[in-house]
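Read the single chain below, which is given as structure tokens and is the form predicted alone.
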Amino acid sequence: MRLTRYFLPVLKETPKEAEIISHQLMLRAGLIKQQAAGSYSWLPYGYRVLMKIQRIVEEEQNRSGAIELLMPTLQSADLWRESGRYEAYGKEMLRIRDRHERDMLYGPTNEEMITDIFRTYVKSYKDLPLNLYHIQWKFRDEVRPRFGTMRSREFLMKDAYSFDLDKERAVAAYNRMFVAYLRTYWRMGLTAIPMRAETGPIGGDLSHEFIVLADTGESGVFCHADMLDKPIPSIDTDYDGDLTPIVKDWTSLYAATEDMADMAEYEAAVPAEKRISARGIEVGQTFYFGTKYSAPMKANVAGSDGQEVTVHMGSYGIGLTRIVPAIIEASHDENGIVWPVSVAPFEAVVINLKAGDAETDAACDSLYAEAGAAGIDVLYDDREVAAGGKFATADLIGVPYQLILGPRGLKEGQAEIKHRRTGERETLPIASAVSRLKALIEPQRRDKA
């Protein structure tokens, strides 16, 4: 993509309304534009990040055996009355009426709707286990939306819902999602720690929040330092096998959110030198809640003996629009964003130091074409602006690698690669620049573990 033909409205000044660094940088780097309180347009650059995150989520959900569908944003209030949650949910639910005076709501979550789909079509134990998921926009009328898309009213979320014949098999489904989440966040370049958590209005008695440590996090967390360095399950994980050992290994070390922490237990379980007391950002949560929705909504199947059995359920959420600022909070410096390669809007940017010079233009055009042909997701800064402005923009928007070429380098037959994360610079022959870029980028795409 040539920058002269792209829409990237970067800002020089930090908007006054932005309180935390991720919100500041998302506005300055042209990722989002606020439309109303807690409501944002995702501009092209930000949308590219969001779609890369969505692709990783979908790949790991599919690998775990979950099946994708799509449910509406607007739901009938009757389903929520059936489950008993319509009045109980509170003012966060946006309640509306259609032209026929029927009560509707903009879905804050989808337990009722997915249960209705299940009970309509699934009648036998032979159709279990089943895990259905979708990625859809949701709305919760936050009393105080803040921190940009970290705590917005409208947000993009992945919801998965598992259905099993009994508790034992439902917990096995929970473990599959637990492992899939570990892989999902690792692939995004995040260290997300699973912590015991309250179930809140979702219900149930088994839940984990996946937390990214950050000073601006809304959750207080207490955990064992070794949680930060645990190896991630391999891509070859057998999701049909027993995943209990992996889950037990991850949950054997103390890790809990503030509302679940037992300080006496924490201090007894974790040596003083291994204690981490910090703030964190929730980027996902898993729940097992048994028959909370299936019982009142009569989601039953015929068991092997012909008798009706009420299925056991779990739900598993990932906030995609929340992950973007979480990544920025975890990965930035004084000059701007530092994207992990796996979610970067562009993996490399070709910087033409003298746009308008025929020989330099031709050489940069050639590098740009070669990088694209090599499978690199590349941006080309072909603007006729000063080199300093191009470097500042490249640093601000966080592209992982900068491939730099000007008349002097062209005369000497050399280009330069700048590593955004470390600031390291490499000088190398122009002819080998793209192959070097590819060698740097491919291991960081994190398609495997």
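Model, not experiment: these values are computed from the prediction. Counting begins at 1, following the sequence as shown.
We do not show the form predicted in complex with a small molecule, though everything after this point is about it.
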Next item on the list: State the residue from Arg151, Lys354, Arg119, His332 whose non-hydrogen atoms include one within 4.5 Å of the small molecule in the predicted bound form.
Entry: Arg151
Check: Looking at Phe155, Tyr86, Trp250, Tyr239, which has any heavy atom no more than 4.5 Å from the small molecule in the predicted bound form?
Finding: Phe155
Note to self: Would you classify Arg176 as touching the small molecule in the predicted bound form, given a 4.5 Å non-hydrogen atom cut-off?
What the structure shows: no
Checklist line | 4.5 Å heavy atom contact, Glu142 and the small molecule in the predicted bound form | finding: yes
Check: Just to confirm, Gly280 within 4.5 Å of the small molecule in the predicted bound form by heavy atoms?
Finding: no
Checklist line | Residue contact check: Gly317 to the small molecule in the predicted bound form, 4.5 Å heavy atom | finding: yes
Notebook entry, point to check: Do heavy atoms from each of Arg55, Glu347 and Gly398 fall within 4.5 Å of the small molecule in the predicted bound form?
Noted result: no
Notebook entry, point to check: Which among 334-342, 103-111, 241-249, 299-307 is in contact with the small molecule in the predicted bound form, heavy atoms within 4.5 angstroms?
Noted result: 103-111
